[in-house]
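Heads up, the chain below is alone and in the form predicted alone; it's given as C-alpha cells.
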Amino acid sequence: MNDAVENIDVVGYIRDERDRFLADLKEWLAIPSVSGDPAHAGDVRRSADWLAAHLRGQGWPTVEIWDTPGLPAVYAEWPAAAPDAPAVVVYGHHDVQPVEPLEEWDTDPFTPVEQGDRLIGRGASDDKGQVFFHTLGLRALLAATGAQAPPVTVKLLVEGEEESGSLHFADLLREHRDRLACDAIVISDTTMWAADVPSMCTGMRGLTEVEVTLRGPATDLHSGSFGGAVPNPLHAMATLLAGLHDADERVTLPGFYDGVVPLTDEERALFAKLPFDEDEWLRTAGDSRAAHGERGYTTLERIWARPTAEINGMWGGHTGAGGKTIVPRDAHAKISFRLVAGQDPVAVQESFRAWVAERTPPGVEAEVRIPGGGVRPCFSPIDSPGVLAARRAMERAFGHEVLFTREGGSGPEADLADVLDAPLIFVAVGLDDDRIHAPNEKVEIPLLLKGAEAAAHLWEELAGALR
C-alpha cells in the first residue's frame, strides 16, 4: 500500500469542503434532468452544461460535452503527471428517473433538502451524488499531496440517457474509443450492503425478454362439441411453461448454462459472511412464504450469480365474470431471463425459439416475439488487480474489511467493458434503502464523504496495481 497520502490530510480536506460540496451538489440536483420525458430534454442538456462548467471551475484541464442523436454526455480528463501512467475511466450518469407519483414525496423532488445526515432529492444517490464524490476525492488527493496531477489519468464519462435505456451509449463509446482508451473502468452506480457493512459489487445480471403466442382453432369453440378432440392452446401453454424448469429448478433450454462463470469457493465464503437474515428478506419480498430456486445455492447466490427464467404473465380464453365453456383459440405468455457472466442474450433468445418449436404440439402454431437484443451481464473477478486495489482503497476509508456483493439489475456496463476492452471496478456508496427510482430518494451524507475519501485513495492504489 502506498502511504504517500496521510489519511488525516484527506479526511481533513473533505471535512473542510463538506458544506461547499453539498451546496454545489444541491444546485446540480435542482435541475430536473429526466431523460425519459421529452419535455425535460432541455433540462438534461442544462444538467450537462452545469456539470461541464463546474468541472472547468474545479481545474479539470479538458472538459467537453459529447452530443448524441439523443441527449448529451459530459467528458472530462485530468492527465497524470507521468506520461506512462495508467488511465482510468470513471462512469456515471447525470440523468434521473421521473418523480411520479409526486404526491408521495415529502419534499419537492427537485428542491434538495438536508434532514440530519440525509440529503433528499431525485438523483441524490442515483447517480449525481455518486458521480460528485469523485470530484471531491480527486481534489482531496491533490490537496493532500501538493501535486498538480493525479497518479493515474482520470477520464470522467457522465452519460445523459442511462435512465432511458442508454440507447446511443454504445455508439458514443465506439465513436470516442481512442479518447477513452484506458486500463480500467470505475463504476459508481451501485450500492453497498449496509452503512456499517461496506461492500463492493462485482457483477450485474443481464436480461432478455420474450413473448410467446400459441394458436389453435381459428375461433373459440364450444367445449361440449369440440373439447377433448382438438388441441387446446392454453393446455399446450401450461405444458410448455411447466417444462421450462426441471425438478432441481434448473432452466431446461439446451445450452442455457454453457459458459456460465461459476462461483468460486472464496466468493461463496465472502457472500456467507454478509449478515443476511432470510426471514427478514422474505418480508421485503412481498411477504413471500418461502425461499425458492435452483437447488444447491443460497438465496444470495441465486439472485446475484445464477441465471433465471421467470414467467411474467400468461393469458388467453375467457377471463371475465362467469363461466364460458370454450376451447380458446389462442394463449399468450411473457417470459424474462436474467443472465449472468458467460451468457449472451441473443444466444438465449435463439435457444428459446428452438425450444418452443420442438415442444409445440401438432395442430398448434407458435409465434415467439423478441423485443430487442437484451442487456448483457457484466462481471469482475474478485482477485483481479483492479478490484483488489479498489478494495484496499475502500478499506482505508472505512477502516475495516470490505465484502463483496453482486446485483440483479443491469445497465450499460457490458458495453463499456467490451468496447473499451478494459476490466470493470465497482466503487459506490449507495444503499438499497436510498429509494432510488422511488419517491423520497435520499443519500447518506457521511457515506458520500466516505466515497470521496475512498476515491482519494483509489488513484494511488490503481497507479501501482495497473502498471
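Start at 1 and count along the sequence shown; that's the residue number. Rigid core: the largest C-alpha set superposing within 1.5 Å between the two forms. In this text, all values refer to a predicted model and were calculated from it rather than measured experimentally.
There is also a form predicted in complex with another copy of the chain; it is not shown, and the following applies to it.
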| property | result |
| --- | --- |
| Candidate from I370, M314, I382, A80 lying within 4.5 Å of another copy of the chain in the predicted complex - any heavy atom | M314 |
| Heavy atom within 4.5 Å of another copy of the chain in the predicted complex - residue from T264, T111, Q115, T325 | T325 |
| Candidate stretches 280-288, 99-107, 81-89, 266-274, one within 4.5 Å of another copy of the chain in the predicted complex by heavy atom | 280-288 |
| Heavy atom of E310 within 4.5 Å of another copy of the chain in the predicted complex | yes |
| E294: touches another copy of the chain in the predicted complex, heavy atom cutoff 4.5 angstroms | yes |
| Close approach of Y257 to another copy of the chain in the predicted complex, 4.5 Å, heavy atom | no |
| Contact test in the predicted complex: A242 vs another copy of the chain, heavy atoms, 4.5 Å | yes |
| Contact set, 362-391 vs another copy of the chain in the predicted complex - heavy atom within 4.5 angstroms | P362, G363, E365 |
| Large Cα move at D171 between this form and the one not shown, threshold 2 Å, rigid core | no |
| A81 C-alpha relocation of at least 2 Å between this form and the one not shown, rigid core basis | no |
| Rigid core superposed: G386 CA moves 2 Å or more between this form and the one not shown | no |
